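Shown next as structure tokens: one chain only, the form predicted on its own.
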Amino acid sequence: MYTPRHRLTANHWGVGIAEVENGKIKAVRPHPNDAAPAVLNGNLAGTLSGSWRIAKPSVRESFLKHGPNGGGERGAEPFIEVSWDEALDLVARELVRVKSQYGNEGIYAGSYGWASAGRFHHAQGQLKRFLNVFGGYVSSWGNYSYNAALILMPYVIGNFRTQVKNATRLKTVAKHGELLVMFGGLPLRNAQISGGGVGRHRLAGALQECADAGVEFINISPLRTDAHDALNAEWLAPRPGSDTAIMLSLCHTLLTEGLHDPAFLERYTVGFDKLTAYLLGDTDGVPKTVEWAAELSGLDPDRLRKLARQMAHKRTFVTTAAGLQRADFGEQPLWACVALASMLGRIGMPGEGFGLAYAADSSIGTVDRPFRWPAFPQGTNPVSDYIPVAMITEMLERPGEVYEYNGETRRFPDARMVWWAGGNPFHHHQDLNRLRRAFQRPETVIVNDIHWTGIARHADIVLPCAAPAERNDFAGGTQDNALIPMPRLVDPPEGMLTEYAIYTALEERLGLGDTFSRGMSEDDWLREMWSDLESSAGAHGVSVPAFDAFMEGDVLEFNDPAPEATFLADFRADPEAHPLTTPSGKIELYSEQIASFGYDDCPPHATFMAPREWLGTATPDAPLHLISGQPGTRLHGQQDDGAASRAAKVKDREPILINTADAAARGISDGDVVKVFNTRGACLAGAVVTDNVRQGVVFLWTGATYDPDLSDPQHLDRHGNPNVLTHDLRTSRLAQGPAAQSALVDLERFDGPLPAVMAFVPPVKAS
């Protein structure tokens, strides 16, 4: 049993109990009430005191000597450490200069990223509140994880975040379901994490409960391990990018064999007549048969036909992974999934229907919070301009140019200052060589960070921040049902500041009075936020302990408000009394509103469009399809220098999964270092030869800290970052989402002298 002694901590992986000795965290073990991955919490100790930690405020050499536009190259120059007074004076000077010359519209602070698990010390929230009181900033909208869903689903089924919140619980699938068909699988490595923190990991147990109840699993993914072994799932390994074709062929079989549900389609959907014409080939001359899909996907047409019949005759739940929509025309598999579930006619029935992005977060389909947690208030942004989150490169390259987005014609702002906090675009963005070139354009780049990440190395002014274990806070996931005390475990390194302290110091320098801080200390804010929580809890008939008792105590877990939720059950029971928020109030299998936009890259119903890059367009120079995904050893690129992350690397490089036949054809053995390349870039990775990945596909984990060799013509990444290889094109003009999963590459054994990985060597000039 856990005995509270101010040693509880939390991060996106879950709850940990730290062993602290002589002011240092020696280890972190999982909470006894949760099967959190202990090895991952083990990353924490080393990352706080390792060489990767930013020790002091630092300024890029040319910027310090010559100011903005003073020459030099971001990402290539060394930094010079300065005092906090000098760093903050520089930041204040640049804020005033940019605002006076270009207005607040010249400041971009999209600052996308996972940031901290804490409710108060939330990096983006702190920065955005500060800039709001300074007059505002250009923001970003959406996310990299499921941007296509955020934009498309309101036209088709309603707000995507509402769908996630009200997702069918997997325990209802265990109780009522018979077949779970997973497009893209349900990988547990993704569900180990949750935005804002997770009190208890439930997905593995929920899936095991389904398996124990006799639910049959089918994993349609190029990676076998996207369904863990305990599920005994049948593995169908298609070409990446063919999922929409597979779903449409299942729809065609249901239609032509009379296995669909006309009554459901008539009452609950609109546009089925137009989808029918497309399925039968009346609109384009191509019937969407299983033979058609088999040619595109590489799967057996007889197995697809049998699958359609299985789904029609069993109580079926269909899931589509978030990763499928991070690809060329990524809106389409989402829409096709809804169409397939609609034709089966079981949406709104317990344990049946569909779900999107399950396993993208630990809580989806397993639990929800009973009410909203308190958050550090950001205030109101006086600047209304924004960009879609994945369009930062275009914004920097094409200021003032017009682009289309979600039915609007918009214009890119002219960003002269970029301020980033709580994230790292040199991890999550695509085509990093292009991004690196674009990052040379702003006049000033400011970065708050803990480590020398890729974005910190491309800054002008770097402000080192205290880490979550070095400050007081509490965690609460965006959908999780637990609140977790995060008392300060150790003191931050000498001179290190929290971000709140940074902004209060800037508030004073800029003469903003107390508009940011309200004259309150960090402890004052935490207590006020807890008081807000007490009020919210009380309104729901729930009592919570006093703040001090909570911070000295254990995890505070609440009941799931809908433990047997079935998505759209009310709508099914009475669609007139409970209409959807779509334009028609029904499921839109054809969208008149999207049709009015005239986008040829996003037709008004589920449509297969061959990806721009996939095995269907492979060439001898680029014969392999690259998939990149969340690793099991860290959260994206966070804590990449931790012991667990480094232990999983191969000769210091990120591992890449290569099919046995593909490896043999290239003379590659397990444990070799390989060069992965295409026309956009190249990286080194460590070969893991396996039959768990489809032939013709390679799988490279995301998050290896960007480590380019700038003397190499392709800026060879020495560490294995897949985003030096991915293209930076969008899903469509509708969502303008990232499409990283559509990329072709080649690879070869690297036989030369291995270059040292420099990712964790600070770029600081010796004094």
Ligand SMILES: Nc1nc2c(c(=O)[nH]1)N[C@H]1C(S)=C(S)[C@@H](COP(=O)(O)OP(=O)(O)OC[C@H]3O[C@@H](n4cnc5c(=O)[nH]c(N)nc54)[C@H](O)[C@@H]3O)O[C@H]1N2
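Quick caveat: nothing in here was measured; it's all calculated off a predicted structure. Numbering starts at 1 and follows the sequence shown.
Although not depicted, the form predicted together with the named molecule is the subject of the following passage.
With the named molecule left out of view, the stretch that reaches within 4.5 Å of it through heavy atoms in the predicted complex is, among 344 to 352, 558 to 566, 221 to 229, 85 to 93, 221 to 229. Note on contacts: among 672, 368, 613, 449, the single residue with a heavy atom within 4.5 Å of the named molecule in the predicted complex is 449. This chain appears without its partner; in the predicted complex, the one residue of 659, 678, 638, 504 with a heavy atom within 4.5 Å of the named molecule is 638. Within this chain, residue 245 is remote from the site of the named molecule in the predicted complex, having no heavy atom within 4.5 Å. Taking the partner from the other structure, the named molecule in the predicted complex has no heavy atom within 4.5 Å of any heavy atom of residue 604. Proximity of residue 269 to the named molecule in the predicted complex falls outside the 4.5 Å heavy atom cutoff.
In the predicted complex, the named molecule stays beyond 4.5 Å of every heavy atom belonging to residue 398. When contacts are defined as a non-hydrogen atom within 4.5 Å, all of 321, 360 and 627 contact the named molecule in the predicted complex.
Interface residues of 183 to 198, taken as those with a heavy atom within 4.5 Å of the named molecule in the predicted complex (partner not displayed): 183, 184, 187, 189, 190, 192, 193, in sequence order.
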